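Okay, so here's just one chain, in C-alpha cells, the form predicted on its own.
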C-alpha cells in the first residue's frame, strides 16, 4: 500500500541547532500512527516540517506519493494536510463560529454542511457558537481547534498534544473524540506524551530520541518493550 505520508531521511533545524536527524516514517491511509518521545525530542518539529513551517536541510517529504519540497505551506493545507497545534492557537477575540469558519478555506462551498458536522461531533460548540473562543475552557478550546481543522476536510489530521493541560476526565473524552474521528475514516498522525493512551489508540508508533527514530513497531510491540516500559511508563 502506498503511504499517504512519508518522511524520508529528513534533517530539520532552527538556526545552528539541528533538531531532526535522518528521520523517516510512514503513515498509511486509515491509520492512527503516534510519535512518542520526551520533550525536545523533535516531535513537534516533525509536524511543522510536514506543514511547511520548517524547511528541510536534507531529505524529502511525500504526500500521496508527491514530493512537497517545492510546495509552500498554504498549498499543503489545500492538498489535505491539517495540523491541530499544541496550545490550540485559536483567535481568542473571535467567536467560536468565526474560528470554525476560518478553517473552511479549502471547501467554502461546503462550509455550512461541514459546520453542521462539527456541531454534531461537538454539541458543546453549537451551544458556545457566539461565545469568544478565548473564554472557553481548555477542553472546549481543544474541541474548537479540532473542529476548525475538520472544516477543511483534511485527508490527514495531525494532532500535537491534544490532551495537554486537560483534566483526567477531559483526557478520556479527548481520546474518545480521536477514536470516533478514526472510526469515521480519518487518517491521524498523533503526537502525545500520554504513551499508554496513545499506544492503546494507535495501530503503530515511532519513538523519537534526539531527532531520530529510536524504536518503531506495532502498538502492542511497543507497549511490551522493556525499554519503553522503563523509560516512559515507569514500569
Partner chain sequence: MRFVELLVAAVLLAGLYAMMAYGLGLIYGVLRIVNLAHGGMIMAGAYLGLALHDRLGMDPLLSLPLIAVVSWSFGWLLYRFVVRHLPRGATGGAQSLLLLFGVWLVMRNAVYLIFTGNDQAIRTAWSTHAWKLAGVSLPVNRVIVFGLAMLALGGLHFLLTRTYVGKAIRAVAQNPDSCTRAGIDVEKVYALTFGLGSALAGVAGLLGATIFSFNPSFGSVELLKSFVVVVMGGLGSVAGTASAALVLALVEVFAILVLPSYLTGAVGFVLLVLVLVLRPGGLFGQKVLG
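Numbering follows the first chain given and starts at 1. All values reported here derive from a predicted model rather than from experimental measurement.
Separately, the form predicted together with the partner chain exists; it is not shown, and the next lines address it.
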Partner contact check in the predicted complex: of 122 to 130, 91 to 99, 161 to 169, 135 to 143, the stretch with a heavy atom within 4.5 Å of the partner chain is 91 to 99
With the partner omitted here, the residue among 201, 56, 51, 181 that in the predicted complex has a heavy atom within 4.5 Å of the partner chain is 51
Against the partner chain in the predicted complex, would residue 77 count as a contact residue? Criterion: heavy atoms within 4.5 Å.
yes
Partner contact for residue 71 in the predicted complex: the partner chain, 4.5 angstroms, heavy atom
no
Just checking whether residue 150 would be counted as a contact of the partner chain in the predicted complex - the rule being heavy atoms within 4.5 angstroms.
no
Contact of residue 83 with the partner chain in the predicted complex (heavy atom, 4.5 Å)
yes
Scan 164 to 194 and note down the residues that get a heavy atom within 4.5 Å of the partner chain in the predicted complex; none is a fine answer too.
none
